[in-house]
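This document contains two forms of one protein chain, each encoded as structure tokens and listed individually as structure 1 and structure 2.
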Structure 1
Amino acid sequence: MNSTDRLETVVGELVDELDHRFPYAAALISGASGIEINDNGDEQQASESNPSKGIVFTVYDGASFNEYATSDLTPNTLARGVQAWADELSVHANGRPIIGGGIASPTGPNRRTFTVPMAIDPATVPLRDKLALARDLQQRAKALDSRIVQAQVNYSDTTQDTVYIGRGRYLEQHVPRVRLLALIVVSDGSQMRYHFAVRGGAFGYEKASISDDELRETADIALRLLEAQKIEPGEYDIITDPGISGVLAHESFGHGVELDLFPKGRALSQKYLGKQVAAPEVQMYDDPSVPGGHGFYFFDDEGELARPTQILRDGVFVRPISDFASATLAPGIHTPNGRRQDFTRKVYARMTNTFFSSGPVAPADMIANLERGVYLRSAESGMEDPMGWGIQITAHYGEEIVNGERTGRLFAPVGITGYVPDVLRSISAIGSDFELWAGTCGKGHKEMVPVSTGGPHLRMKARLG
């Protein structure tokens, strides 16, 4: 028996023992490694993502969830540590019942192994090839125009391996994530502007590419932004691209519908469960099972198999997202959203791939039917206030629309603000397209996890400034 098999056997035995003593017991073995490369043309910098491997045990004692985490995976030491920790805990009578149960069996029918389909595992690609990829992209971008003063490329990949043992389940998964960004900075001698192209998701190294056409479009937009103006503050009819639509989804019904905020009274959305909060045509989901999404996984860090959760149905807030603790103690429906930054961090209810569903309207028709407004492109940032339900999103730029035509007049940057129900109820057209954008999301003590946001083009009203 090799060391990995020996470790997993010991962990399974420990979970079995704990499961007989407590209403719920589970263990998560997790490890992550990767590389990040930055290339500005003058120099390349490569750094290894902090490689980590450890284990966290969780038990529910009838009143609270307790955890024991360590990076010491020596079987005998691990067993002594877990047993000493568990001996200090006691079961609380008449506590809330846990969702699910059962004894894990490393060899039984509930053992499943998952791997993302890919042609090239990024973990197998030599560093020199990744450096060459970044340098080639940087040089192609820099050569596009004499007014380009800098082209920067960022490449990163992370491979995450996890094993969950608990509730009669023995699950393991191998999930690679790749992200590639090209930033082009231009100058006319008096000012500088920039634009960017990005590709990222849970897929293989073979998809780490940005075409010449994409680079050319990125440079052209950066150059056009040299003529961009400040927008006059006020309420506008707007059309959002999928990136802006996704940040709207993430900020309006993202953190605000994470169930662990409800008992703390930190989410105004709690009062709107079962009520109309958006236009009747609006559907919104959080779905870790979307293939290629940056927030993709096969199961969460509590062994819940990935599946979609519909948050808005026909404009009605129908379901929050949850982890095991919030679903048990809030209480509520358990969704597959229990996530950790790593084994040393607390599990929270976290977003994964959060998006609006597509609708029936072609984006070109959406523009053609708008008498006057602004077409907002390329999300830069977003903030929300779950208590007051206000949102603030920054679009990299917007383009004026007059009589159904894009005039070419640009505004940059453009801030979008509003009260969530007002903005979502104003949605009057939903695009037939769909796109996800890769990013990260922080919570708690700024624990970060990979996510995607997206959806179709949307038409609505909002205050710009």
Structure 2
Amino acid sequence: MNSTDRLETVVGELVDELDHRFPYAAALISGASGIEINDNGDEQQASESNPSKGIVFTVYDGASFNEYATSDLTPNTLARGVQAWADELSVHANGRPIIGGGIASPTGPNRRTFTVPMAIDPATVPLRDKLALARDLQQRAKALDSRIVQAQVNYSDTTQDTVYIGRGRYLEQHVPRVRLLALIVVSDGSQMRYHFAVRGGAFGYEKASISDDELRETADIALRLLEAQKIEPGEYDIITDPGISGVLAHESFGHGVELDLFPKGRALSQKYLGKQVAAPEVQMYDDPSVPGGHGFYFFDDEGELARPTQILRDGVFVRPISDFASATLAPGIHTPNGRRQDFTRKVYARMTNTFFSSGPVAPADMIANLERGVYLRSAESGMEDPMGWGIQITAHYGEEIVNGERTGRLFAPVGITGYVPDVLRSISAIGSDFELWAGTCGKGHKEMVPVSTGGPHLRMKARLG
């Protein structure tokens, strides 16, 4: 028996023992490994990308969830630590019943192993080839224009390995995530601007590429941003690219419908379940099972198998997203959204791949039919406000539209603010395209997990500044 098998056997036995003592018990063994490369022409660096490895034991005692988390995976030490910790816990006789439940069967027929199909597993690609990829991209970018003062390439791949044992389930998954970013910084001598091209998702090494055309467009936009102006604050008709549409979904009815906020009284959406909150054509989903999505997984950190959750149907809020604790402590449906940053942090209800679904309007027609407005491109960041329903999104730049034509006049950066229902109800056209963008999501300012956001081009009204 190798060390991994021995560890899993011990963990399975511990979960089995705990499951007989408490209403719920489970364990999650998680690890992340991979490589991160940075190359700016003058420097190269290759190191492990966000390495972590540890285990979490969870028990529900009828009132609270208790967890023992450690990086020490030595079986004997682990067993001693877990038993000493569990001995200090007791079951609350009249506690709230747990949803689900069941006894683990660590070696039984319930064991399932999931892997992502891909053409080239990044773990099998020699480091020399990854360094060459980054160097080639950096040199192609730097050579595009003499005003480029810095071209920086970041490549990373990470494989997230997870084993969940609990609720009669024994699940194992291996999810790779690949990301390639080219950042181009330009200067006219008095100021600097930048733009970037990025690829990212739960896919293989075969998708780690950025074409010459994309690099040229990236450099052109960076150079044009040297002439960008500040936008006059006010309300505008806007068209959002898929990246910004996605951040809108994420910040509005993504964070706003995380069920763990409901018992805290922090989500205004709680009062709008079953009510119209967006234009009637709007459909919105969270779906960890989208192939290639940066937030993809086969099961969440509580062993719930991935499946789509429709959040908005015809503009009506129909379902929140939840983790095990929030679905137990608050009335709601358990969805596969229990995620933790790593073993050192607790599980929360978190988004995965969150998006608006496509509609009937070609993006070119959307622009052609707009008399005056702003085409917002390239999402930089967003922030949620589930209780106040305010929204903050920063677009890297926007381009003026007059009489159905893009004028070439750029504004940068552009802040989008507004009241969530007002913005979502103002959606007047939904594009026929669809794209997902890779990103990272925090709960407040911490608890970072990989996600994607996206959708089609959208037309709406919002306040810009």
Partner chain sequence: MQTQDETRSAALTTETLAGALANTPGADDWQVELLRDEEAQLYLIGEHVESRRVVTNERARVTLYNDHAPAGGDGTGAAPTTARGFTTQTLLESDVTDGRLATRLNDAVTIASLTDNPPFTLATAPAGGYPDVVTSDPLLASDPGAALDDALARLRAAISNWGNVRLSSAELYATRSSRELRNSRGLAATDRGTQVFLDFVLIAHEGEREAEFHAELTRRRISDLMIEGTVDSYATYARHMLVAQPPTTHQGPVILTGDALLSFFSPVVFQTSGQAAFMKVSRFNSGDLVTGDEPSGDRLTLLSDATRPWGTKTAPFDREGLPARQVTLIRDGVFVQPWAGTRYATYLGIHPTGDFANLTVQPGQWPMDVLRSAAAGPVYEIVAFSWMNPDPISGDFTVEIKLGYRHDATGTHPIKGGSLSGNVFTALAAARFSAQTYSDGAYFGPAAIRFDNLTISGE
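Every residue number counts along structure 1's sequence, beginning with 1. Since we're looking at a predicted model, the values are computed, not measured. Rigid core: the largest C-alpha set superposing within 1.5 Å between the two forms.
Student: Please match the form predicted on its own to structure 1 or structure 2.
Tutor: Here the form predicted on its own corresponds to structure 1.
Student: Is I401 among the residues whose Cα moves by 2 Å or more between the two structures after superposition of the rigid core?
Tutor: Not so; I401 is displaced by less than 2 Å.
Student: Align both forms on the core first, then report whether S211 has a C-alpha shift of 2 Å or more between the two structures.
Tutor: After core superposition, the C-alpha of S211 moves less than 2 Å between the two structures.
Student: Is V91 one of the residues whose C-alpha moves 2 Å or more between the two structures after the core fit?
Tutor: Where the cores coincide, V91 still shows a C-alpha shift between the two structures that is 2 Å or more.
Student: After aligning on the rigid core, report the distance the C-alpha of G81 travels between the two structures, in angstrom.
Tutor: Spelling it out: core superposed, C-alpha of G81 shifted, distance 4.2 Å.
Student: Please give the CA displacement of S49 between the two structures, in Å, after core superposition.
Tutor: Looking at the C-alpha of S49 between the two structures, the offset is 2.8 Å.
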